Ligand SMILES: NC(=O)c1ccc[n+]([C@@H]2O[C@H](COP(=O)([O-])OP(=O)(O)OC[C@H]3O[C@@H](n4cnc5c(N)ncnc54)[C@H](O)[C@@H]3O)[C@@H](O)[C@H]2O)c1
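This document starts with one chain, in the form predicted on its own, laid out as structure tokens.
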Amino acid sequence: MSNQLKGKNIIITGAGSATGIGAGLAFGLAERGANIAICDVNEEGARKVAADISEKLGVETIAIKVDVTQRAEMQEMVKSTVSAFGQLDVMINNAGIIEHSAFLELTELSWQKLMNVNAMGTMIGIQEAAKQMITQGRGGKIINMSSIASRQSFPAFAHYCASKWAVAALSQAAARQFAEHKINVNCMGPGIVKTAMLDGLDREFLSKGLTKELGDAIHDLSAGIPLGRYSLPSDLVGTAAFLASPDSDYMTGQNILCDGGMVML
């Protein structure tokens, strides 16, 4: 594995699930030499992921408990990362949640819950990372996790789609705002990724009588992917590494889909 990110200090939110996208990115970027702050509302999970990376790869990791909807906690997260590593080079706003709802059954509470975590949490993450990077005066990279749902909306996930369109919009606005400080802001948009969150969605479909057996929802959602399969978190590492590295210094405000060809624009 290359040392593409050697010496880079990276925060990844929502990285406390061992089978999640965040943990997958953490391992992949650590393999490329980065120091990683594993941040999650699940502190025990974050500690396990951080310890596993340190043991297997020998890079410096820390675990931080954080609720991305709470600005004070996000500020403390950045402060703790800088205290441990010396500076912040890359912020990956990965924390997110999903929920199924028929359009006419969508409630204000469900809307607010997803928008708070997925959109507002990303907004706060961008702001707090940018403040630190501006103070450092060395530029930086901010990577926000969008989705195919930021390009194409689906009626059973209207609030999730709205939140991911918001992530893309925030990223473009931030890219324009912080370009003068040499801070690049981009999105990466996964499609169907086999994680604990997808497994939870599969169980939700079954409990609502929308499918007959476990695995049906994952099969149905993955049907028609041109590359012939759903993705794994490891499939997303290359794009994240590119966006975190100097190789993407002339790219900002972009939303790169990593979806096996599900959405082509």
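Each residue number is its position in the shown sequence, starting from 1. Everything numeric in this text was worked out from a predicted model, so none of it was measured.
A second form of this protein, the form predicted in complex with the named molecule, is not displayed here; the remarks below concern that form.
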**Study point:** in the model of the complex, segment of 174 to 182, 78 to 86, 124 to 132, 188 to 196 with a heavy atom within 4.5 Å of the named molecule
**Key:** 188 to 196
Practice item. Scan L57, L206, V41, I225 and let me know which has any heavy atom within 4.5 Å of the named molecule in the model of the complex. Key: V41
Point to revise | Residue contact check: G96 to the named molecule in the model of the complex, 4.5 Å heavy atom | key: yes
Review point. So, in the model of the complex, is I11 in contact with the named molecule at a 4.5 angstroms heavy atom limit?
Key: no
Review point. Does at least one non-hydrogen atom of V66 fall within 4.5 angstroms of the named molecule in the model of the complex?
Key: yes
Check your understanding: At the 4.5 Å heavy atom threshold, is M145 in contact with the named molecule in the model of the complex?
Key -> yes
Practice item. Using the arrangement in the model of the complex, list in sequence order the residues of 157 to 182 with any heavy atom within 4.5 angstroms of the named molecule. Key: Y160, K164
